[in-house]
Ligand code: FUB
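We begin with a single chain expressed as structure tokens, specifically the form predicted alone.
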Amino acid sequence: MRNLALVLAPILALGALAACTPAAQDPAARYLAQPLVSEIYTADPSAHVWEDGRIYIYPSHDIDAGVPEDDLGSHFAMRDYRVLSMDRVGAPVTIHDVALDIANVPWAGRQMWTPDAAYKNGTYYLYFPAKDKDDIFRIGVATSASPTGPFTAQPEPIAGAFSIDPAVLAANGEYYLYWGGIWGGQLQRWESGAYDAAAGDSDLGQPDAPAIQPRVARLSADMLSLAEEPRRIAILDENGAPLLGGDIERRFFEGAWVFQRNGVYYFTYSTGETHYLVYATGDNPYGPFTYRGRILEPVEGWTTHHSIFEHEGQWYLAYHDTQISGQTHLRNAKITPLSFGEDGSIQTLTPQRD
């Protein structure tokens, strides 16, 4: 027994030491931030601070629809939107009632993916992608007198807009709509200027050609239509050359989010299958934008999607992972502080410890 005790003593001591580490005491401690809510699954959080000073988040509302997983994201079969709000980061989060249901969007068929919102002259605008009755992703808009809805959808999608991931930038008295996502987001099917189903569901297999570019257009005064033809957004390398399709650690995949800081426009996005959030900078809303670096290393889950906002003098990154469910299509939104260098560079964040 004494010999056994001598053998076990160091093992037990190591176990006790391990039990004292933060990760062992609380598995959640390995994460940079904790989920905003656990009652529902939320992802792709588009965060805004409106005139009342409160933080409003417009996320995707993940559900388990029983759809088999595939590379086109068919298992992301969301059907409505719920708005989250809070007085400040770290304060209690309110989950508001359904803001918009696909049953109330006349033109939509399925898959309500990442939305964004804007505010102008007393009206809140919710921009959202959904597949129409022909299974083509379009972008629609809905309006409300309240930031949390309910929102009333326009009877038709926005003419000239397509694909997924709408994001709105308010700058210099104008509003700009950004959009696009390849693979399941179908952006590659619009390279000819019209929808081409034969284009397939990849990045066209041209690794040595310039990467597929996201789109931008200024919104009309009524915020319900485009005021101009969509423009392609050039994302350049350090030498001023377009990023190539094969540069999968830097080229655009989906999830554009644009903000302005100290006169610089930051075009931020997801690289998709390499799972990075990255950024490029320019001097106007249309670009070109020059690649600068990473914002967030890969999260747990297939990819990530985000927003960046300022509240009470602090900048924040809103993003998601799969901490709660461990399943790709059931995600949870999070928020963490974001830091900038004196040169305007963004400090790279690591979302979890190994």
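So that there is no doubt, residue numbering starts at 1 and follows the sequence shown. Predicted model, so just to flag it, every value in this text is computed and none were measured.
Separately, the form predicted in complex with the named molecule exists; it is not shown, and the next lines address it.
Between 220-228, 94-102, 233-241, 73-81, the stretch whose residues reach within 4.5 angstroms of the named molecule in the predicted bound form through a non-hydrogen atom is 73-81.
Here is the short version: of W113, Y127, F252, W179, the single residue with a heavy atom within 4.5 Å of the named molecule in the predicted bound form is W113.
In the predicted bound form, the named molecule stays beyond 4.5 Å of every heavy atom belonging to A167.
The named molecule is not shown here, but in the predicted bound form it comes within 4.5 Å of a heavy atom of S60. In the predicted bound form, none of the heavy atoms of Q323 sits within 4.5 Å of a heavy atom of the named molecule. Taking the partner from elsewhere, T303 is found to have a heavy atom lying within 4.5 Å of the named molecule in the predicted bound form. Along 275-290, no residue reaches a heavy atom to within 4.5 Å of the named molecule in the predicted bound form.
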